[in-house]
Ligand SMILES: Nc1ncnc2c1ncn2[C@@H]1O[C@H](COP(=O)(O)OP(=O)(O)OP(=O)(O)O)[C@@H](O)[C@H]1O
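Just one chain is shown here, as structure tokens, and it is the form predicted on its own.
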């Protein structure tokens, strides 16, 4: 049983279900991320967990304790939920010093002055701000303000830490640095984290598991590698990075093995190991989409040793991006973009060959 359980959670704003029957279980000590575009319901879900919004239906449990249940008339106030929260804006009080901001949750809990001082200093040391106690909160950089907000959320040792896009206001370099620091901090203090973001890189690099949300519903939950390489829905496939997709038709299907004839491509059919559960949905004659992540495609100047799944294409253009090249290739009558290491330099105008790993391909009905 997880530390945090969300059961059939619903939140409506007028006729719109911002959160629509969400079920989720988060394990103790886990870094769990809700990922999705703006308006998908992820922040509303987080706010209901934290007690800042009341659900219309469903229940939220923390360990054996029910925090909210409209049907049973239960609603535990935010300050009594044993949760710390960091907002996107950090929400620091500008008239307070760093020490006063961090100590505020302890003051609300009527912690003794000496204990408050020790815990506040320990929290600031934890986030690398020892010695900043008397600084005005307005005299800090964006990264320092974020650390103060983290220290304030952790100072009373909460059971769950809620993070609402806390990195979005930082520049790219600092955001990358804070991703590493935040994950390392979570490992040190072993706190359970529910993190909300629209940034795929943040979700994939920091999370133990990811839940992909779309239109108020969870589309897929899993470890980052699974949701990225084995998406459960077309939305999850397209939202998590780039996709190299080609239309085709199944010429034969046996068990998990399919051969797909690609449209507008004169080469032999490509082999696909199509994963499925129960009876296979794939049959000869079915119109499908062959999809693979661009980084899983090998580029070469020659056709190689005769292995299957090799596509001859024309290299139209290249862009040097420092650590890699970005190549635009013509496949049939359409253009596709691929990447290759900087050491693999190819010239526009030449014919090149793409090797598609049958284990890396996912197969989709054309209706999706």
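Numbering follows the first chain given and starts at 1. A quick note: this is a predicted structure, and the numbers were derived from the prediction, not measured.
Below: the form predicted in complex with the named molecule, not depicted.
TODO: Could you tell me which one of 82, 133, 165, 181 places a heavy atom within 4.5 Å of the named molecule in the predicted complex?
DONE: Among 82, 133, 165, 181, a heavy atom within 4.5 Å of the named molecule in the predicted complex occurs only for 165.
Task: Answer option from 24, 356, 18, 9, heavy atom within 4.5 Å of the named molecule in the predicted complex - done: Contact check passes for 18.
Task: Any non-hydrogen atom of residue 55 within 4.5 angstroms of the named molecule in the predicted complex - done: Contact with the named molecule, no.
Open item on the list: Would you classify residue 37 as touching the named molecule in the predicted complex, given a 4.5 Å non-hydrogen atom cut-off?
Closed with: Residue 37 belongs to the contact set for the named molecule.
- [ ] May I ask you to state whether residue 51 is within 4.5 Å of the named molecule in the predicted complex, using heavy atom distances?
- [x] No, no contact at 4.5 Å.
Open item on the list: Does any part of residue 309 reach within 4.5 Å of the named molecule in the predicted complex? Heavy atoms only, please.
Closed with: Taking the distances in the predicted complex, the answer for residue 309 is no, it never comes within 4.5 Å of the named molecule.
Task: Among 330-338, 42-50, 57-65, 296-304, the region lying within 4.5 Å of the named molecule in the predicted complex by heavy atom distance - done: Comparing against the named molecule in the predicted complex, the contact stretch is 42-50.
Task: Within 4.5 Å of the named molecule in the predicted complex: residues from 99-113 (heavy atom criterion) - done: Stretch hits: zero.
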